[in-house]
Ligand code: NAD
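Listed next as structure tokens is one chain, alone, in the form predicted alone.
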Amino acid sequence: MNNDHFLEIPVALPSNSYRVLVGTGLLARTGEFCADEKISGRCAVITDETVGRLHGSVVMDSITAGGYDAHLLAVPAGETSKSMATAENVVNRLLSAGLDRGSFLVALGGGVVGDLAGFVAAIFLRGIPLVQIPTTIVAQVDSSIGGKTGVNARAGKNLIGSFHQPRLVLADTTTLETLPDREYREGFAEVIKHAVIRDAALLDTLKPSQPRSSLSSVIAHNIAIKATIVKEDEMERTGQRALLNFGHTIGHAIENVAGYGTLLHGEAISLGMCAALEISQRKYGLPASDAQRVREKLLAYGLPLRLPENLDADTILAATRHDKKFDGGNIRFVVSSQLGTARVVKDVTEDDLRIAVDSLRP
């Protein structure tokens, strides 16, 4: 196979190994790549209405040209589709389309579609194969890798879910050209997070003016960072994978309280990281210059550093109590004492969280 136009990152896990391909022109070769992985059976391409209009026909044409019987299934765009109601609706539509235990799903879209389709793949007839085709920065560098799937509960984000690793991930960087500017920029919150927890030098390579079409190496590098961490702790049992939650305890709470879709995921995580930087600096020795370096990079990508005035600190703190990162009533909080490293601590108090949230006020 000609691989001149993509980079390949292997994800080698105890339970399952798969390839992540990053480059251009991958959508039009979806059927070819699925066949290479010996993926067989009837399939459904799950997407949202926006992405479906932009990229659905290319993927469907490729899959059907590969000899697959494929169905395109679109859900409304936006975070509200990450719900049990939508998951049940999708399952019923899959059954009506004749999918069975020998079928597979393709997730075509951003993090919402990837999480939803992954969750459906995990529960449909007790589990069928999944191919991830992430179309946003945040999905390409983060949510499509590692097998976390799920939908939101009223109490918080991603509280209903399952681990379900994909069989293949295709990150076609040409899809980034179609992203609205705000959705493009929000993804860099997760990239900057990787710099904080694992590779400080990455910060210097990130240039907001870099053409979207030239991001393959940046995306591949970030995928490799996440793949390494996932390999060390696939099921999040040792605490190593929890490092990927830097900024997410408070960030998820802010996203929930604001109302899903009001702040994009990366915007809320930017605020959560600013709060985590404050705690890291005040309690765990992170140099002020390091914290400022991260804030400046977030700002360079147009990500927020200040909390919207209408969000109440008490409500945000109440939302953190429903977070998955609580363990036996204790907060498992990720901090950094030096850029490029991170650790999980259990001595962050609710007072610390309040001070950190208050530090986000104008």
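On a predicted model such as this, the values are computed, not experimentally measured, just so you know. Just count from 1 along the sequence shown to find any residue number.
Separately, the form predicted in complex with nicotinamide-adenine-dinucleotide (NAD) exists; it is not shown, and the next lines address it.
Participant: Picking from 128 to 136, 93 to 101, 199 to 207, 281 to 289, which part of the chain touches nicotinamide-adenine-dinucleotide (NAD) in the model of the complex when contact means heavy atoms within 4.5 Å?
Facilitator: Only one stretch qualifies here: 128 to 136.
Participant: Counting heavy atoms only and using a 4.5 Å cut-off, do Ala77, Val112 and His265 all touch nicotinamide-adenine-dinucleotide (NAD) in the model of the complex?
Facilitator: So, yes: the whole triplet contacts nicotinamide-adenine-dinucleotide (NAD).
Participant: Evaluate Thr50 for contact with nicotinamide-adenine-dinucleotide (NAD) in the model of the complex, applying a 4.5 angstroms cut-off between non-hydrogen atoms, and reply yes or no.
Facilitator: Heavy-atom contact with nicotinamide-adenine-dinucleotide (NAD) at 4.5 Å: present for Thr50.
Participant: Check Arg295 for me: does it contact nicotinamide-adenine-dinucleotide (NAD) in the model of the complex (non-hydrogen atoms, 4.5 angstroms)?
Facilitator: No, Arg295 sits far enough from nicotinamide-adenine-dinucleotide (NAD) in the model of the complex that none of its heavy atoms falls within 4.5 Å.
Participant: Is there a non-hydrogen atom of His71 within 4.5 angstroms of a non-hydrogen atom of nicotinamide-adenine-dinucleotide (NAD) in the model of the complex?
Facilitator: Contact check for His71: no, nothing within 4.5 Å of nicotinamide-adenine-dinucleotide (NAD) in the model of the complex.
Participant: How about Pro211 - does it come within 4.5 Å of nicotinamide-adenine-dinucleotide (NAD) in the model of the complex, if we only consider non-hydrogen atoms?
Facilitator: Pro211: no contact with nicotinamide-adenine-dinucleotide (NAD) in the model of the complex.
Participant: Could you spot which one of Asn222, Asn256, Ser143, Thr249 gets a heavy atom to within 4.5 Å of nicotinamide-adenine-dinucleotide (NAD) in the model of the complex?
Facilitator: When nicotinamide-adenine-dinucleotide (NAD) is considered in the model of the complex, the option within 4.5 Å is Ser143.
Participant: If we check nicotinamide-adenine-dinucleotide (NAD) in the model of the complex, which of the residues in 141 to 167 reach within 4.5 angstroms of it by a non-hydrogen atom?
Facilitator: Counting only heavy atoms within 4.5 Å of nicotinamide-adenine-dinucleotide (NAD) in the model of the complex, the contacting residues of 141 to 167 are Asp142, Ser143, Lys148, Lys157, Asn158.
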